[in-house]
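Only one chain is given next, in C-alpha cells, and it is the form predicted on its own.
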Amino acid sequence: MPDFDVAVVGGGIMGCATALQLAQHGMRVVVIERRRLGMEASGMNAGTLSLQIKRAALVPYALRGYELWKTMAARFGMDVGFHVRGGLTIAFTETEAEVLVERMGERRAAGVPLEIVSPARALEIEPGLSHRLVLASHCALDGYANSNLTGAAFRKALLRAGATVREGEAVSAIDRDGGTFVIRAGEAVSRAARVVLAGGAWLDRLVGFLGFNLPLHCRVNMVSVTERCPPIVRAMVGHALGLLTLKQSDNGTVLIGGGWQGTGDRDGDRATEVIPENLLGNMQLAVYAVPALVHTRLVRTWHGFEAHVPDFLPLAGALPGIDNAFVIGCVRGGYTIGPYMGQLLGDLILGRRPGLPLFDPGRYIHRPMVALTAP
C-alpha cells in the first residue's frame, strides 16, 4: 500500500498550494523539496502583486489569486506582509505610451480595475515620480507581499493540515511500481498513489524521470534592495515595457526589480552572478522614475531562476498518458496566481470541477520520438 495518497515534488507556491488543498480535504500528502519551501522563484522575487502586469489571459486567475493573498494571514495564522498601496505603470516616451494604452486596454477588458491617467494626475497620486513621464495607468488594488515569508507561511499551513514536509531532499528518481509512484530523494523513498510535479525551473528534469521532454526556458531574474531611507514613494511603480518594479516597504528600504537578468547554472547549486551592465541599467531606470533614489545606496542584489514555456502560460493539469500524474508551474510572474492555480489543480485531483479552465501540459510535454531503423 502506498505511504501517501499524493506526493508533491517541488515546494514553491504552486506545489505548496496544491498540496494544501489536497491535505485540507483529507488526503495523505507529502511535499518533497530539494532546499526549503519557497526558496526558489517563489521566495526570490520582488513580491509584486500587481494586476496591471498580468497577461490578459491570466487576469481572471490573478484576480482570484489576489483575493487569496489578501486573506492568507488570517487563513494561515501568519503574516505574509500583504499591503495594498495602489500602483502606477508609467511611460516616458510616446512609443511607450502607445504600448501602455494597448496593453492596459486588454487587461481592463479582461477585468482589471484600472484607468489611464495624465501625468498631472499621476503626480497627484504619487508626488515622488519624475516629471518627465508622458502617460500612466493606475490600479488602486495593486499591492505586494513579503516573498521571504512565503515558504514559512505555507510550511505552517501544511503541517497544520496534516501534510508531511520533507526539505533538503533532492529527487534522484521517480519510478512506477504497478499503480504506485516511487520517489527517491536523498536517503528517503516515498511511495504514493499520485504524483504532482511542481519543480519550477527544474520541471524538465522531473518529467524526464517519467520519460517525457519539455521545452523549458529559464531566466535568472534580478532583484535589488536599498538601505533604509525616509519615505520617497508610497505607490508601487512599474514601467510600460515591464523593465521596472519599485516599491518602498514599511521599514524604508526600496525593492527594485523588473526582469533584468543575471547569469546562472541550474546545476551549479544556485551559482548565479550579476551582469554589471544590467544592474546599472535597472538602477538608472529606477532613478529616472523616482529621482530621490539618487541619494540612496544599494545594499544587496540577488537572483532567482524563473521558468516558462513558449506561450508564457502555465502548465497545470494531467501529465499525458500516465494515470494519476500531474504537472503545475512554469509561467512568467506566477507569484500572484500561484495560490489559485494550486487550488484549481487540487480540485481536479479531488474529482471536483475546477472554477476556471486549467492549462493542458500536453501542449508542450511529449514523449521523445524514437528513431526507426531501416530493415
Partner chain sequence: MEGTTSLRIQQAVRRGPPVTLSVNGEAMVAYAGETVATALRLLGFRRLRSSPRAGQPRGLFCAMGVCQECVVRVDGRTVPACLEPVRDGMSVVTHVDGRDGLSL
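Positions refer to the first chain, counted from 1. Computed from a prediction, not measured in an experiment: that's the story for all the values here.
Quick note: we don't show the form predicted in complex with the partner chain, though the next part is all about it.
Contact with the partner chain in the predicted complex holds for all three of 251, 292 and 296, each having a heavy atom within 4.5 Å.
For the residues 285, 229, 125, 73, the 4.5 Å heavy atom test against the partner chain in the predicted complex is passed only by 229. Of the candidate stretches 109-117, 140-148, 296-304, 259-267, only 296-304 has residues whose heavy atoms lie within 4.5 Å of the partner chain in the predicted complex.
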